[in-house]
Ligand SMILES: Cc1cc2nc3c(=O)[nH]c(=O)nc-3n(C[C@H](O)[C@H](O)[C@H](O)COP(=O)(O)OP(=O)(O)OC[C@H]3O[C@@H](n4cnc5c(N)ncnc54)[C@H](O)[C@@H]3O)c2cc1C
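Below you will find one chain, with nothing else, as C-alpha coordinates; this is the form predicted on its own, and questions on how it binds or moves follow later.
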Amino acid sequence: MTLEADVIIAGGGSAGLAAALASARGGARTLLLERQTKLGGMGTNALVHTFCGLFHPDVSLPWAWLNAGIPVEIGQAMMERTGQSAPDLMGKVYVLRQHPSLYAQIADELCAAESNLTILTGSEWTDLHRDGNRWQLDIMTRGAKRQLKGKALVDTTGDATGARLLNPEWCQQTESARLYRPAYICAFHGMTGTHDDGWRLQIGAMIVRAIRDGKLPPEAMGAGFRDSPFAGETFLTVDLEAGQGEWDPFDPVKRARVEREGREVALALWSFLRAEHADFKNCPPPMLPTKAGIRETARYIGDYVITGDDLGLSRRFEDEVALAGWPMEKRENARGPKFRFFDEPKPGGIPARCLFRQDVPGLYFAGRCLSADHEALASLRVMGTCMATGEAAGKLAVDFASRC
(Lines give C-alpha, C1' and ligand atoms only; values in the text may rest on other atoms or scores of the structure.)
Protein backbone atom coordinates (compact mmCIF):
# COMPACT_ATOMS: atom_id res chain seq x y z
CA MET A 1 0.00 0.00 0.00
CA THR A 2 1.36 3.43 -0.99
CA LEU A 3 0.27 6.76 0.48
CA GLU A 4 1.24 9.96 -1.34
CA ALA A 5 1.52 13.50 -0.06
CA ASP A 6 3.21 16.79 -0.79
CA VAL A 7 5.13 16.81 2.51
CA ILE A 8 6.05 13.96 4.82
CA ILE A 9 6.98 14.71 8.44
CA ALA A 10 8.89 11.94 10.21
CA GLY A 11 8.57 12.23 13.98
CA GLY A 12 5.65 13.58 15.99
CA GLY A 13 7.42 15.31 18.87
CA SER A 14 7.33 19.06 19.46
CA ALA A 15 9.24 19.79 16.24
CA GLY A 16 7.25 17.32 14.15
CA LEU A 17 3.93 18.54 15.47
CA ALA A 18 4.80 22.13 14.59
CA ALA A 19 6.18 21.13 11.18
CA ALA A 20 3.02 19.18 10.35
CA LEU A 21 0.72 22.02 11.39
CA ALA A 22 2.76 24.56 9.40
CA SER A 23 2.76 22.30 6.35
CA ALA A 24 -0.96 21.54 6.43
CA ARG A 25 -1.87 25.17 7.06
CA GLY A 26 0.34 26.12 4.12
CA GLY A 27 -1.95 24.11 1.84
CA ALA A 28 0.22 21.01 1.43
CA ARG A 29 -1.13 17.49 1.69
CA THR A 30 0.80 16.33 4.73
CA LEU A 31 1.58 12.94 6.28
CA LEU A 32 2.88 12.83 9.86
CA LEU A 33 4.67 9.63 10.86
CA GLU A 34 5.13 8.78 14.56
CA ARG A 35 6.48 5.58 16.18
CA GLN A 36 4.58 6.05 19.45
CA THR A 37 0.80 6.10 19.83
CA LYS A 38 0.47 9.76 20.77
CA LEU A 39 2.05 13.00 19.59
CA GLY A 40 4.20 15.30 21.70
CA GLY A 41 7.44 13.36 21.91
CA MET A 42 9.30 13.77 25.18
CA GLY A 43 6.56 16.10 26.44
CA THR A 44 4.00 13.28 26.46
CA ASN A 45 5.83 9.96 26.30
CA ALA A 46 8.75 10.77 28.61
CA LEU A 47 6.65 13.04 30.91
CA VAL A 48 8.89 16.09 30.45
CA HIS A 49 6.71 18.57 32.32
CA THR A 50 8.08 22.01 31.49
CA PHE A 51 8.11 23.97 28.24
CA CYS A 52 11.55 25.56 28.08
CA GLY A 53 12.71 27.97 25.38
CA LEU A 54 9.37 29.74 24.88
CA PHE A 55 10.38 33.05 26.45
CA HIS A 56 12.78 35.94 25.98
CA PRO A 57 15.98 35.31 27.98
CA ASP A 58 16.07 38.71 29.73
CA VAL A 59 14.43 37.94 33.08
CA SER A 60 15.00 41.50 34.31
CA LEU A 61 12.03 42.37 32.08
CA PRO A 62 8.45 41.11 32.26
CA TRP A 63 8.12 37.75 30.52
CA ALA A 64 7.54 37.81 26.78
CA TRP A 65 7.12 35.16 24.09
CA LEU A 66 10.24 34.61 22.01
CA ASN A 67 9.01 33.00 18.78
CA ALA A 68 5.63 33.91 17.31
CA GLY A 69 3.36 31.34 15.71
CA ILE A 70 2.86 27.75 16.84
CA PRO A 71 5.06 28.01 20.00
CA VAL A 72 2.79 30.80 21.28
CA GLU A 73 -0.35 28.98 20.17
CA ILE A 74 0.59 25.84 22.10
CA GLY A 75 1.98 27.78 25.06
CA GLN A 76 -1.19 29.85 25.43
CA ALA A 77 -3.38 26.77 25.17
CA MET A 78 -1.39 25.11 27.95
CA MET A 79 -1.60 28.19 30.17
CA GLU A 80 -5.37 28.32 29.76
CA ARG A 81 -5.91 24.64 30.52
CA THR A 82 -3.63 24.59 33.55
CA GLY A 83 -4.87 27.90 34.97
CA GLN A 84 -1.50 29.66 34.77
CA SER A 85 -1.39 33.37 34.01
CA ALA A 86 2.39 33.58 33.70
CA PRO A 87 5.43 31.30 33.48
CA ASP A 88 7.55 30.50 36.53
CA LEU A 89 10.80 32.36 37.09
CA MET A 90 13.41 29.75 37.98
CA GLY A 91 16.64 31.57 38.75
CA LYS A 92 17.72 33.12 35.45
CA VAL A 93 15.07 31.56 33.19
CA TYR A 94 11.33 31.56 32.60
CA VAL A 95 9.67 28.15 32.25
CA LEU A 96 6.06 27.11 31.70
CA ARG A 97 4.81 24.11 33.63
CA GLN A 98 2.97 21.82 31.25
CA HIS A 99 0.99 18.63 31.71
CA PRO A 100 1.76 15.66 29.42
CA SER A 101 -1.88 14.56 29.16
CA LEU A 102 -3.03 18.03 28.21
CA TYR A 103 -0.19 18.37 25.71
CA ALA A 104 -1.40 15.18 24.00
CA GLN A 105 -4.94 16.58 23.96
CA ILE A 106 -3.83 19.92 22.51
CA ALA A 107 -1.83 18.12 19.83
CA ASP A 108 -4.83 15.95 18.93
CA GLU A 109 -7.15 18.94 18.65
CA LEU A 110 -4.79 21.06 16.58
CA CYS A 111 -4.14 18.21 14.15
CA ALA A 112 -7.80 17.22 13.88
CA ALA A 113 -8.62 20.75 12.72
CA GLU A 114 -6.36 20.40 9.66
CA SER A 115 -8.06 18.64 6.75
CA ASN A 116 -4.76 18.43 4.84
CA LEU A 117 -3.09 16.41 7.60
CA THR A 118 -3.04 12.62 7.97
CA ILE A 119 -1.40 11.03 11.01
CA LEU A 120 0.17 7.56 11.08
CA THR A 121 1.06 6.43 14.61
CA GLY A 122 2.66 3.21 15.80
CA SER A 123 4.78 3.21 12.64
CA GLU A 124 8.53 2.71 12.25
CA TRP A 125 10.63 4.18 9.43
CA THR A 126 12.69 1.35 7.89
CA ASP A 127 14.13 2.68 4.61
CA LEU A 128 14.45 5.84 2.53
CA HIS A 129 15.41 6.56 -1.05
CA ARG A 130 14.74 8.94 -3.91
CA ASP A 131 12.23 7.73 -6.52
CA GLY A 132 12.47 10.19 -9.41
CA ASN A 133 11.39 13.53 -7.98
CA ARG A 134 9.77 11.97 -4.90
CA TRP A 135 11.03 10.77 -1.55
CA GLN A 136 9.97 7.22 -0.75
CA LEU A 137 9.83 6.03 2.85
CA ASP A 138 9.29 2.40 3.72
CA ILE A 139 7.51 1.97 7.04
CA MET A 140 6.28 -0.89 9.20
CA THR A 141 3.01 -0.68 11.15
CA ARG A 142 2.23 -3.71 13.34
CA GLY A 143 3.79 -6.09 10.88
CA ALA A 144 2.31 -4.47 7.76
CA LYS A 145 4.65 -2.83 5.24
CA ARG A 146 3.70 0.47 3.62
CA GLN A 147 5.30 3.02 1.37
CA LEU A 148 4.99 6.78 1.68
CA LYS A 149 5.85 9.11 -1.19
CA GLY A 150 6.24 12.87 -0.96
CA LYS A 151 7.80 15.83 -2.71
CA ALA A 152 9.46 17.09 0.48
CA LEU A 153 10.54 15.37 3.66
CA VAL A 154 11.10 16.82 7.15
CA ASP A 155 13.07 14.68 9.61
CA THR A 156 12.20 15.50 13.21
CA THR A 157 12.95 12.05 14.62
CA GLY A 158 15.61 13.43 16.95
CA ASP A 159 17.92 10.68 15.67
CA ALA A 160 18.82 12.03 12.19
CA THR A 161 17.19 8.88 10.84
CA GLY A 162 17.15 10.13 7.25
CA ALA A 163 20.89 10.80 7.23
CA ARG A 164 21.65 7.46 8.83
CA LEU A 165 19.61 5.70 6.15
CA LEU A 166 20.87 7.73 3.18
CA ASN A 167 24.47 8.67 3.99
CA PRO A 168 25.98 8.44 7.49
CA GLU A 169 28.52 11.10 6.49
CA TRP A 170 25.68 13.62 6.66
CA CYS A 171 25.27 13.19 10.41
CA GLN A 172 27.35 13.62 13.54
CA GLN A 173 27.39 11.97 16.95
CA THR A 174 29.07 13.05 20.17
CA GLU A 175 31.36 10.52 21.83
CA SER A 176 29.63 8.35 24.43
CA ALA A 177 31.34 9.85 27.49
CA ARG A 178 30.02 13.34 26.63
CA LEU A 179 26.53 12.49 25.43
CA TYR A 180 23.90 14.29 27.46
CA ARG A 181 22.59 11.84 30.03
CA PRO A 182 19.06 10.43 29.73
CA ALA A 183 16.37 11.31 32.28
CA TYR A 184 13.71 9.08 33.80
CA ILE A 185 10.57 10.93 34.87
CA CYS A 186 7.48 9.70 36.71
CA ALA A 187 4.46 11.32 38.37
CA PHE A 188 3.61 11.04 42.08
CA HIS A 189 -0.03 11.53 43.07
CA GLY A 190 -1.69 12.04 46.45
CA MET A 191 1.01 14.44 47.61
CA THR A 192 0.45 16.79 50.53
CA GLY A 193 2.36 19.77 51.90
CA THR A 194 4.09 22.77 50.36
CA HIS A 195 6.99 22.04 48.04
CA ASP A 196 9.23 25.08 47.86
CA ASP A 197 13.01 25.27 47.44
CA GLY A 198 13.52 24.55 51.15
CA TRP A 199 11.41 21.41 50.83
CA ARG A 200 13.44 20.24 47.83
CA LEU A 201 16.68 20.76 49.76
CA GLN A 202 15.28 18.75 52.66
CA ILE A 203 14.28 15.88 50.37
CA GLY A 204 17.69 16.00 48.69
CA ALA A 205 19.44 15.72 52.05
CA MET A 206 17.23 12.75 53.00
CA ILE A 207 18.13 11.00 49.76
CA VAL A 208 21.87 11.60 50.28
CA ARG A 209 21.71 10.12 53.79
CA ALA A 210 19.70 7.14 52.57
CA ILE A 211 22.25 6.42 49.83
CA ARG A 212 25.07 6.65 52.37
CA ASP A 213 23.21 4.24 54.68
CA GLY A 214 22.48 1.78 51.88
CA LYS A 215 18.72 2.40 51.88
CA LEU A 216 18.67 3.78 48.34
CA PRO A 217 20.75 2.93 45.26
CA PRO A 218 23.51 5.40 44.28
CA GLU A 219 21.57 6.24 41.09
CA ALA A 220 19.00 8.07 43.24
CA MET A 221 21.54 10.86 43.75
CA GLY A 222 20.31 12.52 40.54
CA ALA A 223 16.70 12.80 41.76
CA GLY A 224 14.74 16.07 41.79
CA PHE A 225 11.08 16.98 42.32
CA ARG A 226 8.90 19.67 40.75
CA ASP A 227 5.18 20.22 41.23
CA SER A 228 2.66 19.77 38.46
CA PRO A 229 0.26 22.64 37.70
CA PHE A 230 -2.33 20.57 39.58
CA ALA A 231 -2.54 20.08 43.34
CA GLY A 232 -1.40 16.77 44.74
CA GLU A 233 0.77 15.84 41.75
CA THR A 234 4.57 16.06 41.69
CA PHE A 235 7.01 14.94 39.01
CA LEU A 236 10.20 13.09 39.91
CA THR A 237 13.16 13.39 37.51
CA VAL A 238 16.21 11.17 37.82
CA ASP A 239 19.24 11.76 35.60
CA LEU A 240 21.01 8.48 34.87
CA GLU A 241 24.68 7.86 34.10
CA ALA A 242 23.59 5.10 31.68
CA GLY A 243 26.99 3.44 31.76
CA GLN A 244 28.74 6.78 31.12
CA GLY A 245 31.40 6.03 28.49
CA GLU A 246 29.51 2.93 27.35
CA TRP A 247 26.21 4.71 26.74
CA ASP A 248 24.87 4.26 23.23
CA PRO A 249 21.27 5.43 22.70
CA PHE A 250 21.06 3.38 19.48
CA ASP A 251 21.89 0.10 21.26
CA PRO A 252 18.58 -1.62 22.18
CA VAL A 253 20.20 -3.63 24.98
CA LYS A 254 21.57 -0.47 26.60
CA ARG A 255 18.28 1.38 26.08
CA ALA A 256 16.47 -1.47 27.85
CA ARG A 257 18.99 -1.31 30.70
CA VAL A 258 18.37 2.42 31.12
CA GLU A 259 14.61 1.91 31.19
CA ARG A 260 14.96 -0.83 33.81
CA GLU A 261 17.34 1.25 35.91
CA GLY A 262 14.95 4.19 35.78
CA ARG A 263 12.03 2.09 36.98
CA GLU A 264 14.06 0.55 39.77
CA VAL A 265 15.27 3.93 41.06
CA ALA A 266 11.82 5.53 40.80
CA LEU A 267 10.11 2.73 42.72
CA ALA A 268 12.89 2.58 45.33
CA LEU A 269 12.43 6.31 45.95
CA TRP A 270 8.66 5.90 46.18
CA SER A 271 8.97 3.10 48.73
CA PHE A 272 11.55 4.99 50.82
CA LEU A 273 9.83 8.38 50.82
CA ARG A 274 6.39 6.91 51.44
CA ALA A 275 7.76 5.36 54.63
CA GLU A 276 9.96 8.27 55.72
CA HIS A 277 8.20 11.53 54.75
CA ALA A 278 4.63 12.55 55.60
CA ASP A 279 4.02 14.31 52.27
CA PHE A 280 4.40 10.97 50.44
CA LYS A 281 2.42 8.83 52.91
CA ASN A 282 -0.71 8.48 50.78
CA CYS A 283 1.02 8.17 47.39
CA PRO A 284 0.16 5.11 45.30
CA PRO A 285 2.94 3.75 43.08
CA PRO A 286 4.06 6.47 40.65
CA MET A 287 2.84 6.72 37.07
CA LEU A 288 5.72 5.61 34.87
CA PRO A 289 6.58 7.08 31.46
CA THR A 290 6.25 5.33 28.11
CA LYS A 291 10.00 5.75 27.70
CA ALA A 292 13.02 7.46 29.23
CA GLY A 293 13.85 10.98 28.12
CA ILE A 294 16.74 10.85 25.65
CA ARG A 295 18.50 14.20 25.34
CA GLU A 296 20.99 13.48 22.56
CA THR A 297 21.54 10.91 19.82
CA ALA A 298 22.63 12.10 16.33
CA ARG A 299 22.33 15.35 14.35
CA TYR A 300 22.52 16.35 10.71
CA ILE A 301 25.42 18.29 9.23
CA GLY A 302 23.62 21.00 7.32
CA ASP A 303 24.86 23.92 5.27
CA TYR A 304 25.63 25.64 8.56
CA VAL A 305 26.47 24.07 11.92
CA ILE A 306 25.38 26.45 14.65
CA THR A 307 27.80 26.50 17.59
CA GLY A 308 27.76 27.21 21.27
CA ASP A 309 29.80 30.33 20.61
CA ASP A 310 27.17 31.55 18.13
CA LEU A 311 24.57 31.31 20.86
CA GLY A 312 26.85 32.63 23.60
CA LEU A 313 27.42 35.77 21.53
CA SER A 314 23.70 36.02 20.64
CA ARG A 315 24.76 36.05 16.99
CA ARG A 316 22.09 36.96 14.45
CA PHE A 317 21.83 35.82 10.82
CA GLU A 318 20.29 37.26 7.67
CA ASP A 319 18.55 33.95 6.96
CA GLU A 320 17.42 33.23 10.52
CA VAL A 321 14.06 31.48 10.83
CA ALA A 322 13.79 31.20 14.62
CA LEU A 323 15.35 32.47 17.83
CA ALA A 324 17.05 30.63 20.68
CA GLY A 325 16.74 31.95 24.23
CA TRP A 326 17.34 28.96 26.50
CA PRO A 327 20.85 28.75 28.01
CA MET A 328 23.12 25.85 27.10
CA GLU A 329 22.01 23.27 29.68
CA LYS A 330 24.78 20.69 29.55
CA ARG A 331 24.09 17.36 31.26
CA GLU A 332 27.15 15.24 30.53
CA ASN A 333 26.76 13.37 33.82
CA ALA A 334 24.00 12.64 36.34
CA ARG A 335 25.18 15.20 38.89
CA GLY A 336 23.06 18.05 37.59
CA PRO A 337 23.32 20.56 34.74
CA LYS A 338 26.13 22.95 33.95
CA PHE A 339 24.68 26.09 32.41
CA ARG A 340 26.42 28.34 29.94
CA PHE A 341 24.32 31.49 29.71
CA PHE A 342 24.50 33.82 26.74
CA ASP A 343 26.99 36.63 27.29
CA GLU A 344 24.09 39.11 27.21
CA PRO A 345 20.40 38.36 27.88
CA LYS A 346 19.57 38.53 24.19
CA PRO A 347 18.34 35.72 21.93
CA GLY A 348 20.50 34.17 19.25
CA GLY A 349 19.37 33.51 15.71
CA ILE A 350 18.92 30.08 14.14
CA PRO A 351 19.68 30.28 10.41
CA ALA A 352 17.66 28.38 7.82
CA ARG A 353 20.93 26.75 6.73
CA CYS A 354 20.81 24.63 9.90
CA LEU A 355 17.66 22.96 8.57
CA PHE A 356 18.82 21.69 5.16
CA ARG A 357 21.66 20.68 2.85
CA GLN A 358 21.68 22.24 -0.61
CA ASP A 359 23.04 19.01 -2.08
CA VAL A 360 19.92 17.11 -0.91
CA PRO A 361 16.99 19.19 -2.23
CA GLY A 362 13.66 18.59 -0.55
CA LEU A 363 15.09 17.20 2.71
CA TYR A 364 14.75 19.31 5.87
CA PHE A 365 15.50 18.61 9.52
CA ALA A 366 14.51 20.27 12.77
CA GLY A 367 14.21 19.78 16.49
CA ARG A 368 16.88 17.79 18.27
CA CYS A 369 18.53 16.61 15.03
CA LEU A 370 19.08 20.00 13.38
CA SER A 371 22.61 21.01 12.39
CA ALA A 372 24.33 22.11 15.61
CA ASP A 373 27.39 21.27 17.62
CA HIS A 374 27.21 19.45 20.95
CA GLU A 375 27.21 22.63 23.02
CA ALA A 376 24.57 24.47 20.97
CA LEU A 377 22.33 21.41 21.15
CA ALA A 378 22.16 21.89 24.92
CA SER A 379 20.08 25.00 24.21
CA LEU A 380 18.29 24.08 20.99
CA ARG A 381 16.96 20.67 22.10
CA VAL A 382 14.28 22.08 24.46
CA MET A 383 10.63 21.86 23.45
CA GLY A 384 9.88 25.54 22.89
CA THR A 385 12.82 25.91 20.50
CA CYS A 386 11.98 22.61 18.80
CA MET A 387 8.49 23.95 18.05
CA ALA A 388 10.03 27.03 16.44
CA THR A 389 12.53 25.13 14.25
CA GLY A 390 9.87 22.57 13.35
CA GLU A 391 7.48 25.28 12.18
CA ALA A 392 10.26 26.84 10.10
CA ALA A 393 11.16 23.51 8.49
CA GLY A 394 7.51 22.84 7.69
CA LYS A 395 7.22 26.15 5.89
CA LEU A 396 10.43 25.50 3.93
CA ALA A 397 9.09 22.10 2.89
CA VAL A 398 5.80 23.59 1.68
CA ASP A 399 7.67 26.15 -0.40
CA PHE A 400 9.81 23.41 -1.98
CA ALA A 401 6.81 21.16 -2.67
CA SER A 402 4.92 24.01 -4.33
CA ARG A 403 7.78 24.44 -6.82
CA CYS A 404 7.98 20.77 -7.79
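Heads up: residue numbers just count along the shown sequence, starting at 1. Worth saying up front: this structure is predicted, and the values here are computed from it rather than measured.
Beyond the structure shown, there is the form predicted in complex with the named molecule, which is absent from this document and is the topic of what follows.
- Note on contacts: among 197, 175, 169, 124, the single residue with a heavy atom within 4.5 Å of the named molecule in the model of the complex is 124.
- This chain appears without its partner; in the model of the complex, the one residue of 146, 263, 291, 134 with a heavy atom within 4.5 Å of the named molecule is 291.
- Proximity of residue 226 to the named molecule in the model of the complex falls within the 4.5 Å heavy atom cutoff.
- Residue 346 falls outside the set of residues with a heavy atom inside 4.5 Å of the named molecule in the model of the complex.
- The named molecule is not drawn, but in the model of the complex it has no heavy atom within 4.5 Å of residue 20.
- Heavy atoms of residue 388 never reach within 4.5 Å of the named molecule in the model of the complex, leaving it off the interface.
- Figure note: of the listed segments 108-116, 307-315, 151-159, 189-197, the one touching the named molecule in the model of the complex, with heavy atoms no more than 4.5 Å away, is 151-159.
- Applying a 4.5 Å heavy atom cutoff to the named molecule in the model of the complex picks out 183, 185 from 169-185, in order along the sequence.
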